[in-house]
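Read the single chain below, which is given as structure tokens and is the form predicted on its own.
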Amino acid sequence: MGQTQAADALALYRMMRLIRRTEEILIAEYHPANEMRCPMHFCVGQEAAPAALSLQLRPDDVIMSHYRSHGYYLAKGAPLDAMIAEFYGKATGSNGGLAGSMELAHHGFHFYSGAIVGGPLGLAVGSAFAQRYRRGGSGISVAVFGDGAMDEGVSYEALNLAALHRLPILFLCENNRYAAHTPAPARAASHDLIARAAAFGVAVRRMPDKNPLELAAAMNVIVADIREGRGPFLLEVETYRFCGHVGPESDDHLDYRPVAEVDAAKASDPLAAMLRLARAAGVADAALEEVDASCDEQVWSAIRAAKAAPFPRFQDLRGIEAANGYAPVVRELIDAAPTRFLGGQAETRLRPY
């Protein structure tokens, strides 16, 4: 194994381990202290895809994610302490303590998430269109969504427009076989997701997440092609979440997932696989142990800082909720001469604001 693969293996293990320990510690802290007052959707078992993506991202790339977004927030390089402070509703949070987990965002790192199923596809298409429209850069947009989003009409409008305009966008679908508590066979006669995307002219591939190194290598090629202007790509990652749909780990998954199914998934844990791959790539046990200790300290340090931080001030909240005037972009539209639409014209090309 070469030095490059060893470095990639260590980076992948570090990101996967950080995501896993963040989720596990937050799960342990969520109910007993009762200080995080927002709904939480954890991603234990699904760390491979965001970790693999983290090796491909640049500062000017944009991520629009589903609400199970903690791993992708960290993959974009956004600060852990600001994310955890957000969950505690503190002023030092990435959204000033006002968004919580389901609307987690960090504007400075071009990371956004939301609770609307299928929403990331439409938003990321808009972001990718803006990136292509402005030209001069190689930034891409990434839409992160679950397989349940492929039951939404907006997803197909987004795929169609992305293919039509050859937009620089990666559609990253995490297929864990359930939409909330509903299994795939109960939702659609055909669950061939990449066939649906391919019908619009979008390049597609399906991969499991059990070998994070192979997943990262595939993403590297896919993202390079997108940056080169070869159009959109949909990557379906077959994954599985160990914890329940919402909230800390509990027995709630037993109501809709067979115990044997969950146990089988845990037996092929991608994080355990990544640990074996890192060792096979020549990463020393001492380096791996340092990662483990460092991740734990990072999470606990962020929790201590969040608990000590102040809540948002009421006067600051009022300033966010109300304004005395219009935003500049709105004022420009109000003051501008009305756009003239002619019956024979194919389109009206708006200039960037």
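For clarity, every value in this text was computed on a predicted model and none was experimentally measured. Residue indices: 1-based, along the sequence shown.
In what follows, reference is made to the form predicted together with a small molecule, a form of this protein that is not presented.
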Would Ser94 count as touching the small molecule in the predicted complex under a 4.5 Å heavy atom rule? no
Mark His66 yes when one of its heavy atoms lies within 4.5 Å of a heavy atom of the small molecule in the predicted complex, and no otherwise. yes
Taking the small molecule as it sits in the predicted complex, is His245 near enough to touch it, meaning that at least one heavy atom pair lies within 4.5 angstroms? yes
Can you tell me if Ala180 lies within 4.5 angstroms of the small molecule in the predicted complex, counting non-hydrogen atoms only? yes
Of 83 to 91, 210 to 218, 276 to 284, 170 to 178, which is the one stretch near the small molecule in the predicted complex, taking non-hydrogen atoms within 4.5 angstroms as near? 170 to 178
Residue (of Leu271, Val117, Ala78, Ala163) lying close to the small molecule in the predicted complex, criterion heavy atoms within 4.5 Å: Val117
Interface check vs the small molecule in the predicted complex: of Gly148, Gly231, Gly122, Gly100, the one with a heavy atom inside 4.5 Å is Gly148
